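The form predicted alone is given below as one chain in structure tokens.
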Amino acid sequence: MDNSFPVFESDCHSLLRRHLTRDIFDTLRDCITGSGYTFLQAIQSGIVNQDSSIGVYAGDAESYQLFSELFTPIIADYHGFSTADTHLSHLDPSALKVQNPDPENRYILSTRIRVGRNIDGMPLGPAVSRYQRRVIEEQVVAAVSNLTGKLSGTYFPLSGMDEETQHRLIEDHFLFKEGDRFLDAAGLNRDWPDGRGIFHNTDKTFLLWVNEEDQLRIISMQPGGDIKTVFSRLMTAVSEIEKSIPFLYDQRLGYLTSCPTNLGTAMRASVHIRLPKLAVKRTEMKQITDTYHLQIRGIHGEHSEDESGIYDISNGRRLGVTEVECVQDMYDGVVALIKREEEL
């Protein structure tokens, strides 16, 4: 993009448009971080994709300080997190007050909880070089090779992947792909598929993406609604990986991520749930999910539509709440949704 103030379409409602004033643009437009990431790169995705909800990406930890005149009000707007607030983590599964909300498997198809992590001392994905991306991949492969027991498994690099492996990973819904236009405009698809890959355990209940949006997406999942087991497995995996890899963490903002929406816990705790009766009462469903700070998506992720009354329900809060609170939000909301579905 050029060095002039961006033109926004009338139907653009992104937080970038809301908070980017001409004064802020003039102050920051020539700023560049130590890793070579510019302010213009930070806002590029939101300019190209004016249907973005946020519109900015960080290229490194310094982005959150150097571009703070824009990033801080966006973070405050999205998360309700002020400059006086401090993020706290709580990763202990024993603190959860949950049981399986659907022991007969009538509603919940599957449970998935994931966190994003990036490596301390490395730029974030939008600014990382091809060499650095390969170093990250090597570090992650070494870390997962140390996993034992139920977490042990195999790493599959995307580069040079054979058709049989590719087909199997697609069938398992494990494979991530190039093509997301928001990530592409942010520079996250550069050198595709070099330095990227997927690890999963033998039981296919633990999955790790390497160098997708964040450098690590650590995922625990299984059929049904045993939320505590899924969370416990995830926390064990995170702890084991962190023995080999130092994660990027800020004392105020928590775990740093390329997209500001994932700051703090960088956690998304979700279920795929069948709610055919509530499907025709979307206003009522949204009232319940809003009460418990939850998001409703289609089962194919963000920007997808629901299919046959099946929804992806996940926590909406990530920053300023703990990991335990994120999962508790999801559990409490799912209990309320199932209760109302049964009443209908």
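The numbering used is simple: start at 1 and walk along the sequence shown. This is a predicted model, so every value here is computed, not measured.
FYI, the form predicted in complex with a small molecule isn't displayed, but the following is about it.
When you look in the predicted bound form, the only residue of 68, 35, 27, 53 with a non-hydrogen atom within 4.5 Å of the small molecule is 53. Exactly one listed residue, out of 201, 261, 132, 139, brings a non-hydrogen atom to within 4.5 Å of the small molecule in the predicted bound form: 261.
By the criterion of a heavy atom within 4.5 Å, residue 107 is excluded from the residues contacting the small molecule in the predicted bound form. Interface membership of residue 213, defined by any non-hydrogen atom within 4.5 Å of the small molecule in the predicted bound form, is confirmed. In the predicted bound form, no heavy atom of residue 81 sits within 4.5 Å of the small molecule.
Residue contact with the small molecule in the predicted bound form: residue 182 places a heavy atom within 4.5 Å of it. Partner contact region in the predicted bound form: 261-269, out of 119-127, 92-100, 240-248, 261-269, criterion any non-hydrogen atom within 4.5 Å of the small molecule.
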